[in-house]
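Below sits a lone chain in structure tokens, taken as the form predicted on its own.
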């Protein structure tokens, strides 16, 4: 399937989503935009962040003319999807914490959501918990450090187990002989640290990464759009608020993406 897709994130964490999109839509043209000049979004006030992202995506869609936009950022999605959809006719696929599948699969009824502080404080996140996990104990853990640690890891820098454990430890809860068995990764940066999460975790859990579901949703959207026939390009372009660090280039190549 051809077509042009704009994938947007605050940094390089959304590459976890881009990787899944590329696997399902190898012939589509993908433009990945990292707003890392404004990273991390979790430190922004809500109103300022909403204005910033809506304006930036508006400029990008005007310039790139995509068939669909993927907002590959939980913090932004929980805040800006309604105003974006109100202003634009093209489809937006957002990224929200995968609380519903966690609630469906848990046996212990102890679920944790590991996210940024911005995602944790959103009413949207609380509404998902109330709608889909009302019969579970849901521990919501906001970490301001994990996304920068993930970016450091992706640049090839050393990230200590102790630093990672400090951030994920509150997500592991024991109650009445039961233990947390599902941890929702509520930031697209976090899957890149998953091997380290698994290594330092106090006990095994299922780490729920939303990226495959986002890619599947995008496929459905693109099928409904019926983009005009064209030569399948499979091209991926990446742009950033700052120059891509040279240390990140091998990582991009490992995903089958080229950097400009």
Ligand code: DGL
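Numbering follows the first chain given and starts at 1. Just so it is clear, the model here is predicted, and its values are computed rather than measured.
Keep in mind the form predicted together with D-glutamic acid is missing from the figure; the text below concerns it.
147 is the sole member of 79, 183, 147, 99 with a non-hydrogen atom within 4.5 Å of D-glutamic acid in the predicted complex.
When contacts are judged by a 4.5 Å heavy atom cut-off, residue 125 does not count as touching D-glutamic acid in the predicted complex. Proximity of residue 192 to D-glutamic acid in the predicted complex falls outside the 4.5 Å heavy atom cutoff.
A residue is said to contact a partner when one of its heavy atoms sits within 4.5 Å of a partner heavy atom; residue 66 fails this definition for D-glutamic acid in the predicted complex, lying far away. Among residues of the shown chain, residue 39 is one whose heavy atoms approach D-glutamic acid to within 4.5 Å in the predicted complex. Only one listed stretch (167-175, 116-124, 133-141, 83-91) carries heavy atoms within 4.5 Å of D-glutamic acid in the predicted complex, and that stretch is 116-124. Taking D-glutamic acid as positioned in the predicted complex, the residues of 5-23 that bring a heavy atom within 4.5 Å of it are, in sequence order, 9, 10.
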